[in-house]
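Presented as structure tokens, the chain that follows is alone, the form predicted alone.
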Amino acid sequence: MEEGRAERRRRTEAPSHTQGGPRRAGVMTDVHRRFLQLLMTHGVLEEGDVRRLQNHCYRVHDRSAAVEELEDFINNINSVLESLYIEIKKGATEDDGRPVYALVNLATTSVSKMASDFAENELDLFRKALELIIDSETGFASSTNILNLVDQLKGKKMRKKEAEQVLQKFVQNKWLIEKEGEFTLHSRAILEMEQYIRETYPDAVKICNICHSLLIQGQSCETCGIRMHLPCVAKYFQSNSEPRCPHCNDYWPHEIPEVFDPEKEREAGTSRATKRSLRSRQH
């Protein structure tokens, strides 16, 4: 009996370590399992939604327990998942730096992971859109340029009208974002595909000079050519009245974006909720 219990503990407790250092062995409870299932269905969530999801799982499965700190909660799940080459990974949106979380498969590229949801010609359309995005200076590919490659797709032939619908499927599944007829990678795709992109497009890939992560959208120095994510630009220059390139020290010619402030976001959310409550009382 004791040997059986020890064996079960070995199966559920993964002695783990991560980029941030040693990680304690984790044990998955019903709270963790429900959280993981729901995160899988969403693909990627902003941090505020992740916290709400965590609280929901505690209310459903363990209402009396104290809610664990989010970082510890996720590290606990990751310590169990790492033997499966899966990880809940934290990143940030490239346009405004909002923290996001996605469940990432570390064992396979995301294009192959998408195979269960998309046909061969649809996957090839995604690869061609991805290549255009990576090669572009802006991090965007126009729908016209993507659709012009439809005749080159592998597998079953696809009409342009069908291709337009497939592009919208990529948007709905949070692989792409569409802005005014142009497409770029969603935060989910960047989190899940960074290693694949680095290995597949080594000569075209762009890296942020500040955080050294994959860069799709950002600003570049007109003198030395280094690139920075918009949130990294905002943080680096936030208290600098005369911004200069961190590499060559030349004047930084771009508009400095605002830094994402979670406190302001929470205050705005509280204000909106209060206004809704007041309106509901008046009716």
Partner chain sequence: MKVGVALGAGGCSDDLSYGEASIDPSLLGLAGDEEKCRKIRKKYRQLIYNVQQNRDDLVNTVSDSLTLALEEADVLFDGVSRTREAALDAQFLVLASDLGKEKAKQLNCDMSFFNQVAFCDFLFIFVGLNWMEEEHEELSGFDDNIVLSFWDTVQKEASSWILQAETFHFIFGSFKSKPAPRPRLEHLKKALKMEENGDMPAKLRKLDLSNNQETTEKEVERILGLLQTYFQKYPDTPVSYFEFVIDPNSFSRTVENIFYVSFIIRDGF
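Positions refer to the first chain, counted from 1. Source: prediction; values computed, not measured.
Below, we refer to the form predicted in complex with the partner chain, which is not included among the displayed structures.
Stretch 39-47 is the contacting one of 213-221, 237-245, 253-261, 39-47, since its residues have non-hydrogen atoms within 4.5 Å of the partner chain in the model of the complex. The candidate spot formed by E164, I226 and C232 is out of contact with the partner chain in the model of the complex: none of the three has a heavy atom within 4.5 Å.
In the model of the complex, at least one heavy atom of A204 sits within 4.5 Å of the partner chain.
Though the partner is left out of this view, M193 does reach within 4.5 Å of the partner chain in the model of the complex, counting heavy atoms only. In the model of the complex, the partner chain sits within 4.5 Å of a heavy atom of F170. Interface residue remark: E137 is counted as part of the site for the partner chain in the model of the complex, having a heavy atom within 4.5 Å. Between the partner chain and the residues T93, N75, S143, T200, the one pair within 4.5 Å by heavy atoms in the model of the complex involves T200.
Contact annotation for 151-181: residues with any non-hydrogen atom within 4.5 angstroms of the partner chain in the model of the complex are D151, Q152, K154, R159, K160, F170, W175, listed in sequence order.
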